[in-house]
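What follows is one chain in C-alpha cells, specifically the form predicted on its own.
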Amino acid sequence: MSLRKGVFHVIATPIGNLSDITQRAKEAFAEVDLLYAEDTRHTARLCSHLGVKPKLRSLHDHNEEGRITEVTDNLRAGLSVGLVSDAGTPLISDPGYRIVAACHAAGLPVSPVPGVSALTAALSVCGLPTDSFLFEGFLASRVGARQKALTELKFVSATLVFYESKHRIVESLADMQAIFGDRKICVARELTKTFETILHGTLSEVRLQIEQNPDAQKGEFVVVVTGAQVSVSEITAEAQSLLLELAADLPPRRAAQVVARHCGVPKKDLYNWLLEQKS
C-alpha cells in the first residue's frame, strides 16, 4: 500500500486487543507524513508496538478548531495526513468531524482506513434487534440532563445504544429502568480486553449484577437497550384520526413524524399503521 498524497486518512485502531489492528492501518502508520492523535502519548505507545515513528501532532476537543488551517495547509502541500483517536474509529463520539467537514468544504479528499468500533462490536454480540438502531454516544453527566435525554428517547422504537463510563454506569442503568421500564438490555464491558464481560437480560437483572459486583463497575461500557414496543391498540383513536387527516396532504413518513411529536407514539409504528390502512 502506498498512501495517496494530499489525502486526509481517518484510521481506525484497536479498542483493546492490539491484534485487531488491520494490515492497512499498520501500513498507514508507517507511511503517513503526519499523524494527528487525540492523545499523542497514548498513540506513541501503539506506534512503539508497531515499530514505527510517524510525526505526531495532537488533535482533541480543545484544539480541533485551531488545527483546521494547519491540517488543510498540509494537505494542500501534498502531505499524506492521518487521524486516529485513542481507540476505535475516529469521530464516533471522538474529535475530528470539524476537520473532516473543513476538508470537504475545501475540496480536499478524505479517505477511511476502517477497522474496529466499540459501537459495531457491541451490536454484533448484543442479541437484540439491529436492523434499526439509534446511537446516542455518552449521556450527560448531570442527573437532570441525563434523565431529560432518556425521557425524550422513551418512545423511540429503534434499538438504543449508549457509551458510558465507570463513574456513571450504575446511576445511568437506574435512570434507564425508571424511565424505560424493564426492557431487554445488553451491557458490553471492556470489549476485546482481558476482562471483557457481556451481560444480557432485563434492565433489572443486569443492573443488579453490576451493582452487586464492584469489579463489574470498572472499565468502559457500551449499553444496548431494546426500543419501545407499541401495539396497534396503543395508537389512540385521536392519533389515528389525526394521522389519516394529515396523510391526505403529506407523504406518509412526514405525517407519521408530525403525529409522533404530538402524541408520543413511535413514528415507525404510526407509519406502519398508516401503510396498513392504505393497503
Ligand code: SAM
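Note that the coordinates shown come from a computational prediction; the quantities given were computed from them, not determined experimentally. For every residue, the number given is its place in the sequence shown, counted from 1.
There is another form of this protein, the form predicted together with the ligand, and it is not shown here; the text below is about that form.
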Checklist line | Which of 104-112, 69-77, 83-91, 199-207 lines the interface with the ligand in the predicted complex (heavy atom within 4.5 Å) | finding: 83-91
Check: Can any non-hydrogen atom of residue 222 be found within 4.5 angstroms of the ligand in the predicted complex?
Finding: yes
Checklist line | Touches the ligand in the predicted complex: residue 189 (any heavy atom, 4.5 Å) | finding: yes
Note to self: residue 156 versus the ligand, in the predicted complex: is there a non-hydrogen atom within 4.5 Å?
What the structure shows: no
Note to self: residue 183 versus the ligand, in the predicted complex: is there a non-hydrogen atom within 4.5 Å?
What the structure shows: no
Margin query: Considering non-hydrogen atoms and a 4.5 Å limit, which listed residue (119, 160, 139, 173) is close to the ligand in the predicted complex?
Written below: 119
Note to self: Only one of 15, 255, 21, 10 gets a heavy atom within 4.5 Å of the ligand in the predicted complex. Which one?
What the structure shows: 15
